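One chain is shown next in structure tokens, namely the form predicted alone.
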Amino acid sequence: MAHSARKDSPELPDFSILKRLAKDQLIYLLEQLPGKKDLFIDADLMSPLDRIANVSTLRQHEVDKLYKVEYKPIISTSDQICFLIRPRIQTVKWICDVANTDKTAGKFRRYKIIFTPQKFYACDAVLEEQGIFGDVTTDEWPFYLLPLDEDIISLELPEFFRDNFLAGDQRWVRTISNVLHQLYSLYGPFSKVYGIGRCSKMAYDAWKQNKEGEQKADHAAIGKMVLIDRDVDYVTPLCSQVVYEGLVDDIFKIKCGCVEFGPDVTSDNKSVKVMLNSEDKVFAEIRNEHFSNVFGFLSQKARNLQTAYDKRRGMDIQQMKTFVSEELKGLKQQHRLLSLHIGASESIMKKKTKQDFQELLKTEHSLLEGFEIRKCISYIEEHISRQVSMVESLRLLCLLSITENGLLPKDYRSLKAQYLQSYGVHHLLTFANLRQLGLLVEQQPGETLTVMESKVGKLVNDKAAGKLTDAFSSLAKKSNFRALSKKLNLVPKSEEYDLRIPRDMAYIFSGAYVPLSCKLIEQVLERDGWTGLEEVIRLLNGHEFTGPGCNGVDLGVKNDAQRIILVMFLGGCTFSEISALRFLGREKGFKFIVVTTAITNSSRLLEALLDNHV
């Protein structure tokens, strides 16, 4: 059942150097403030920091006490305070309040702010405005990439999606450019770079402009790179995940490669934190599997484990000694992990059965295929009226809108009114955000898309309009899902699909849909560019590019590195997409490395757009 790697699969590069580099840089910055100090850390940096430098490492470098940034008066008595923060105005203002409160109280301290991954001009402006610019020292910790597994690297920047795609804030483009620089320096040169999406194009262009004097590795460890914006494909993250790792993320929330299983999984009163990666041999074999196959595998694994334990019977003393020293520890570890994954699977089954999961999947598949739309709308209306879940209802509305290229005006008004009545009128702003991104839109009566595009196009081309144009440009977006689906065969012909032996990437959605993002990656690699995909590009609103990855030279070297493809998702990537790319890699003899601004799913995507988002 478990997918096995091809014997000729290339070896992945070692990404542990990224951790060592980040750790050394942080230690250097901490030592710039000699002596004992207290360290205040942004809440969302706690988990990534723990993967880089644990508490004992920080203590070795004279960090006395650790605190979480909580936007309230501090209780630290130290004469030196260091703040490790994201470059957010709210946090900088709070630090200014702390410093000004100390000033008023006549308390002298030394303050150091370490911004990660970089500092923005606005942060310095706030320090100056609040009158403490000269009282603090500031630094940057260029911590860009956190390896979560041998083939997954995250920037851990969930705010990237909202900032870039909704607010039109391009400040993170330089960050992506720096990420490209770091990857090139350590693992390049790349033979080719392909990309699609406005942000991808800007980041690639910024990186190309700053290549002068750039160091590169002695030999290439990565062949090609593909950059893709999240707004190229919204359908995939809006579909329910049914591969094991995706379901674990949806239900238990995988955070920074770790998950916390509660008492319902551990069959104990305690919760337990588990690192989910390829070192967990049980997890490694089921992570990419359709959930329907997982129980069978775990049962077989339990039987094999029992057989291994039963070997002890009839052993002499010497054999028993060898068994205890060489095998028993490994078997006990496997037993513990197996128990946890069986518990997690049972918990998933209970939760998904309660929510009529099969009915939900049937509705999604109908939307993807374009069948029985009125029946789907009735299901969504029932979902809203029963107040099953605010985010789930929103997800179904967005999926309906994208797959139908917008809602009919009467349907849009009716569904919107029902949603606001059920979940609160304050969600009017949520609907405005979704409309702006093209996720939930009303079809324009009597106005063709071409006319609308030309109107907005004039505004977008007006440079004087500035950042405002980015927000308006999305009004011209239309998903064109049906046309794309037909062109790329995203919805396979309805026939029996054996989920135990997947035949294509559609298995990650029970055979109902091939993720658009992964299909584009497959097509671009097959064609060595965008030639032949002109119609697809037009439907996706363009911004595609193909470029050399190494100082204007296209390397045609055929070696193992050329079969290692780095895919960067700007705006988030789901575990389902990662599973699909792993499947594609096995089929084609490639190995994919996924770099993403953050791991996302439908809940995280939509929660970033809710009106109460802070």
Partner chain sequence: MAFITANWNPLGETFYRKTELYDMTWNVRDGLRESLVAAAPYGGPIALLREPHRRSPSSRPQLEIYSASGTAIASFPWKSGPVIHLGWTVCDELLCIQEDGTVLVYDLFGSFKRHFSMGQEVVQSQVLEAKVFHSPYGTGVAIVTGSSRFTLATNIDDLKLRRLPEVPGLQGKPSCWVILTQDRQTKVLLSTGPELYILDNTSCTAVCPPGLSPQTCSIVHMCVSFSYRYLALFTDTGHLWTGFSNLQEKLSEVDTKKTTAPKHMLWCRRPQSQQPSVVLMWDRLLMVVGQCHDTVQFPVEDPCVLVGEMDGVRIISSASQEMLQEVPLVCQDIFKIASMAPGALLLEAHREYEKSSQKADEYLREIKEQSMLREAVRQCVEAAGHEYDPKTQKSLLRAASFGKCFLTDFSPDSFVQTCRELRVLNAVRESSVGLPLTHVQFKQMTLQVLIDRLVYRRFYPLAIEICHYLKIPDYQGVSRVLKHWASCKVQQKDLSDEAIARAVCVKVADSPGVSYSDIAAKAYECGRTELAIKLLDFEPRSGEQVPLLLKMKRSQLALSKAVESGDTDLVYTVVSYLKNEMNRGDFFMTLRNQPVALSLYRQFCKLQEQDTLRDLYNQDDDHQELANYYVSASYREKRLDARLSVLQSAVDEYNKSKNEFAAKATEDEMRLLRFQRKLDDEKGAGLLGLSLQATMEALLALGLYKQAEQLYRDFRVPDKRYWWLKLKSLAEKEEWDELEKFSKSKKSPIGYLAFVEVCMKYNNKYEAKKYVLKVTPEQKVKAHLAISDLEGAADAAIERRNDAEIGAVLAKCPTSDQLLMEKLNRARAAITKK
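Everything quoted here is computed from the prediction, not taken from an experiment. Numbering follows the first chain given and starts at 1.
Beyond the structure shown, there is the form predicted together with its partner chain, which is absent from this document and is the topic of what follows.
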(message) Taking its partner chain as it sits in the predicted complex, is Asp163 near enough to touch it, meaning that at least one heavy atom pair lies within 4.5 angstroms?
(response) yes
(message) Can you tell me if Tyr423 lies within 4.5 angstroms of its partner chain in the predicted complex, counting non-hydrogen atoms only?
(response) yes
(request) May I ask you to check whether Phe357 falls inside a 4.5 Å heavy atom distance of its partner chain in the predicted complex? (result) no
(message) Under a 4.5 Å heavy atom criterion, is Ala417 part of the interface with its partner chain in the predicted complex?
(response) yes
(request) Determine which one of 98 to 106, 533 to 541, 400 to 408, 378 to 386 lies within 4.5 Å of its partner chain in the predicted complex, judging by heavy atom distances; exactly one does. (result) 378 to 386
(request) Using heavy atoms only and a 4.5 Å cut-off, determine which of Tyr497, Phe133, Phe120, Phe295 is in contact with its partner chain in the predicted complex. (result) Phe120
(message) Exactly one residue in Arg527, Lys93, Lys487, Arg336 has a non-hydrogen atom within 4.5 Å of its partner chain in the predicted complex; which is it?
(response) Lys93
(request) Identify whether its partner chain in the predicted complex is within 4.5 Å of every residue in the set Ile89, Arg174 and Gln209, based on non-hydrogen atoms. (result) yes
(message) Given a 4.5 Å distance limit between heavy atoms, list every residue of 163 to 180 close to its partner chain in the predicted complex, or none if there are none.
(response) Asp163, Ala167, Gly168, Asp169, Gln170, Arg171, Arg174
